[in-house]
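To begin, one chain is listed below as structure tokens, in the form predicted on its own.
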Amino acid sequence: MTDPTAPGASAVTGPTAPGASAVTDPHHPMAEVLAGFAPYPDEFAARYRADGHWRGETFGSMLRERAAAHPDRIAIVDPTGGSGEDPTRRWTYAELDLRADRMAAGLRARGIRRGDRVVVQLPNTAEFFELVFGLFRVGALPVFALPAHRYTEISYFCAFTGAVGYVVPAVEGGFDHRELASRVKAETPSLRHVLVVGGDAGEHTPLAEVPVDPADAAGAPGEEPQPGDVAFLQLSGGSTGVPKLIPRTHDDYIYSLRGSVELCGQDENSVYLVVLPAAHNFPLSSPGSLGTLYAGGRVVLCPQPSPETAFPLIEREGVTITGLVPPLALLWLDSAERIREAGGSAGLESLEVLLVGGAKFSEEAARRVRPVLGCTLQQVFGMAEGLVNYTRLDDPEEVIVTTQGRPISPDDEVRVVDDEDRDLPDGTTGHLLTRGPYTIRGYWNAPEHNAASFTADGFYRTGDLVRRTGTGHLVVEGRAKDQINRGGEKVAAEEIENHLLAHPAVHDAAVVSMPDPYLGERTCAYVVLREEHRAQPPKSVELKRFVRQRGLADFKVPDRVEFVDAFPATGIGKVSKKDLRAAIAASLTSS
């Protein structure tokens, strides 16, 4: 819990159990937000401030300071939406800062205040940053939705948060977001504003009409947000059900940015390519766009993640660092190899660091990064709830390709425990629990989830199965729910996937459980073949034999192999194992 006597602290008091908080003043502009917020206990908040982790910064002040220090440096590069012969937009730090001020003034003029929630569902476009920093300046909370979300998720986000605003593109990927917005607005009493980026806004308001000169805005500017305030609501990374909402404060999130910037070697010369959806936690903060802006570097927006789009951008803009999820990393690796084998150049000479996270990156694929892409791999294992681990740039190559890194902070507390929450020795696989200066103490307004997801003393149950090496690096062995119980024998999906990926014909693999009347569960391996092997694919029995010959126990050999052209994906681009499990279950039922 924040200390009310500390500079910039929110006026909150109350119990420190997960999910519990209270406000001293029910008319406080953050009262409704804080009522659903689980604060950091006083003694922890005081320590994090004393240790210099929380420095009393807000996102609004961060941008203002960078704009004052280097106003003419380019902050945002958007290859779409330019004018004349150059389709590229380039905003300096001074311009982004001014746009944020104008957006904030316009939002206030429309009645959006500190503590209000605004669902933001935008693609990788410069307006995303103009809007988000405008909301930060107001103290309103962006609720970060992904472009792939549709009615089920969006209607829930708007209703559950009592959102007053919803910001969408007109049409994206062939989908008309204006129609979705009209339906959600009609069903959500709190939703007063729908703002549209690009194209005809229809019955809604173009976002371009919102900004006004702060000097012309009517009324007082409103109370400035404070470092201890909730800055935004992020989505949980769960792949089942509607995502839970994660409250992140200015203090805790900016600390994670600062730590990420240091560990990823970023400075004012860094050029970060946003390949994944801009609103997702990974490309926001690891070190992501916000980390790059914190470092004073340049953010380049990639409208599509394909190599055909990304590789020319990397070459043209001198991109030095970017982040991918494993399926995209595999796609880039294969594309770069084909270009090289054809005698061409992928144009990746400027790329120094490739971060891969969001799911475990197989060792087989990790070993290809340096020789194929010519850059350093930095594995990232983290979660929107907080804890982030990185392999270090100077780690031995063997550590980089076989582990998922160490925590950012010396105050990140990590426990690896058994099913009874008993601590396990290094080298033993168990459940990962964590707490620290940027890990939440509870989901927003979700006491039932919090009772199951947090221990009584504030450790977050991540749901990950890991083992810790003697050097403190973590190796992800899977998700607790991703472990397949095959007649009492436990099969870790990632282990089998890693062996399948060693086969020369296999581009990607995903192992899931399938129901079985005798064993309870059996294993099904979904396989995407490399393009050159699709005309003459290997037989299922060949892949099973290959896995068996690599020295695995028979019970770990996939019971079934299914060849597919591509995997279903979640909104961020990770493999949707939920959909794969549903597909194989339906296939068994119909056969």
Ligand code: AMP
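Start at 1 and count along the sequence shown; that's the residue number. For clarity, every value in this text was computed on a predicted model and none was experimentally measured.
There is another form of the same protein, the form predicted in complex with this ligand; it is not shown, and what comes next is about it.
Review point. So which of Lys360, Arg406, His204, His503 reaches within 4.5 angstroms of this ligand in the model of the complex, heavy atom to heavy atom?
Key: Result of the distance check: Lys360.
- Query: Pick from Thr92, Asn485, Thr455, Thr402: which residue has any heavy atom within 4.5 angstroms of this ligand in the model of the complex?
  - Reply: None of the others qualify; the residue that does is Asn485.
* Can you check 515 to 523, 350 to 358, 224 to 232, 416 to 424 and let me know which stretch has heavy atoms within 4.5 Å of this ligand in the model of the complex? => So the stretch in question is 350 to 358.
I'd like to know if Ala384 sits close to this ligand in the model of the complex, meaning any non-hydrogen atom pair within 4.5 angstroms. Yes - in the model of the complex, heavy atoms of Ala384 and this ligand come within 4.5 Å of each other.
In the model of the complex, does Lys481 come within 4.5 Å of this ligand, counting heavy atoms only? Yes.
task: Tell me, yes or no, whether Ser236 is in contact with this ligand in the model of the complex, where a contact means a heavy atom of each within 4.5 Å.
output: Yes, Ser236 sits close enough to this ligand in the model of the complex that at least one of its heavy atoms falls within 4.5 Å.
Point to revise | is_contact(Lys490, this ligand) in the model of the complex, heavy atom dist at most 4.5 Å | key: Within the cut-off, so yes.
Could you pull out the residues of 448 to 468 that have any heavy atom within 4.5 Å of this ligand in the model of the complex? Read in sequence order, the residues that approach this ligand (within 4.5 Å, in the model of the complex) are Thr462, Asp464.
* **Note on Ile484-Asp418 C-alpha separation in the model of the complex, which departs from the shown form by 3 angstroms or more** => They are farther apart; the C-alpha distance rises by 3 Å or more in the model of the complex.
Say whether the C-alpha atoms of Arg370 and Ala492 sit closer together or farther apart in the model of the complex than in the form shown here, given that their separation changes by 3 Å or more. Farther apart, by at least 3 Å.
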